[in-house]
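Given next, in structure tokens, is a single chain: the form predicted alone.
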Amino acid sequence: MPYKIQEVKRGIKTHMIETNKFKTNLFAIFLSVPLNRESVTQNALIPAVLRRGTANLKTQEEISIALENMYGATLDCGVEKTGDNQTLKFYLETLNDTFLPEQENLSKKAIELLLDVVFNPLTENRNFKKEYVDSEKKTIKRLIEGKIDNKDMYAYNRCIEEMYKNKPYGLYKYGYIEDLDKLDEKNLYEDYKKLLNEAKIDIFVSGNFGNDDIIDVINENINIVNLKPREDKHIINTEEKEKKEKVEVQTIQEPKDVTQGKLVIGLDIDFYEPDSKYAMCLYNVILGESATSKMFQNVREKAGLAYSARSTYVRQKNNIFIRAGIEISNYEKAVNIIKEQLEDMKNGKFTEEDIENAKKYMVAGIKTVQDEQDSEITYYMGQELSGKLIYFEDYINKINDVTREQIDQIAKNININTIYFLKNNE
């Protein structure tokens, strides 16, 4: 099999994707924990501090030199929210050993450096380096303060925040300034040690390795040897588990200094049959994900009410989010015509051609995932967090097997939860 999983210790796995499609090898480490208001901010800060220096390479400059000496390898890190989980992610990309001018084990050097970045950080007096923590706090603070700069994403996040108020999924992935102010080099290091003992750890290698030696390198690395087994506490969110209660539609209009309105409508999917996500995917494509969708054709093209109009299916939470950039004066018209599209879907006003186009769109998208190493790793990591592994070929077959009746069932069980509108101050 081109994809293999091995449990190193309880709660720690290695994932190997054997492929000769790329000239690069990509290594990734994910630390996943349940989203929590008390820890979301420090977890967002930790990757930024870790990339500043290791016990062996004490500055970013030294890390940069090491990467340059590995034929221009690249290191990246960040944080994501997947369902009710927060995942710290670290990537290192290198040339594949077979393309090097002389024989050397670059893969071994790369994974050892990445393991050092994540598990063997620079410390001073058994704490993080104060200079690094203070500097990265300022960076995260700018990220939090600057979330309004991307109006489209701001509106999307605000709709989620309102739909999931006082619930984990409503938390902002970078945390909160009032919590950031409380963090220092001492308590952040304590938080980091707690994270290492509790997080679900997944280590991915993607590339052409020829054999399983790279997995042995990981398993025998002192950083991995020193890790303790842990209970896997991550939250499994699936379309079968995310039960939705019928709620009264809430409408929120938020005034900001904007010239274009941002409309986000959050939909609940009140349907929980096993494998229903495939029909939900197709429903979403017909509704608003593709250029042939109802949202694009009717809201944007025919009615001319939106600069952009699309929808996104969030499988982990059983939601669809409709997003449109509109003239502020067109708010009522846009909401009404979007509701018409939802009613049309409920009444079966979509064609067999719509279904076939949606299937072709989905299949093409699934195949595209395998064209990029990072997107393929992200796919398999999503499968890992869902607790159910579906290979690409099986995914395509399940999409192609979806019937019109299944899409009809989904359409009849879609309800508006929240209408959020970002408008100007007038």
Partner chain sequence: MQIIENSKVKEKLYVEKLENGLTVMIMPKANIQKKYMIWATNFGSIDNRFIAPNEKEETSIPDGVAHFLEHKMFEQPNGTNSLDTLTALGVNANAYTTTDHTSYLFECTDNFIPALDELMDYVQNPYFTDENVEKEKGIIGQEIKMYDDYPQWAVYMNAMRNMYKNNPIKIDIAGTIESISKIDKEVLYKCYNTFYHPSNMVMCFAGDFEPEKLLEEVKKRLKSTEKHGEIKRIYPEEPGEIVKKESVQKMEVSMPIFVIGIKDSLDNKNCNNDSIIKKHIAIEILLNMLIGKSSKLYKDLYESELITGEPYLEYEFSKQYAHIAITGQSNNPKQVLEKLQEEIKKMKSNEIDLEHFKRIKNMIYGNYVKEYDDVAEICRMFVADYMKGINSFGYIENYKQVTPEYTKQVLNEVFNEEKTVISIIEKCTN
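Positions refer to the first chain, counted from 1. These numbers were taken from a predicted model, which means no experiment stands behind them.
The same protein has a further form, the form predicted together with the partner chain, not shown here; the description that follows concerns it.
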property: The partner chain: the contacting residue among Glu301, Glu343, Asp270, Glu80 in the predicted bound form [heavy atom, 4.5 Å]; result: Glu301
property: In the predicted bound form, the residue from His234, Lys277, Lys89, Lys262 that sits within 4.5 Å of the partner chain by heavy atoms; result: Lys262
property: Candidate spot Phe22, Thr98 and Ala306, all three touching the partner chain in the predicted bound form (heavy atom, 4.5 Å); result: yes
property: Exercise: Arg37 in contact with the partner chain in the predicted bound form, heavy atom 4.5 Å; result: no
property: Touches the partner chain in the predicted bound form: Tyr71 (any heavy atom, 4.5 Å); result: yes
property: Partner contact for Ser386 in the predicted bound form: the partner chain, 4.5 angstroms, heavy atom; result: no
property: Interface membership of Lys228, the partner chain in the predicted bound form, 4.5 Å heavy atom rule; result: no
property: The partner chain in the predicted bound form: contacting segment from 51-59, 397-405, 37-45, 378-386, heavy atom within 4.5 Å; result: 51-59
property: Residues from 269-300 in contact with the partner chain (non-hydrogen atom within 4.5 Å) in the predicted bound form; result: Ser290, Ala291, Thr292, Phe296, Gln297, Arg300
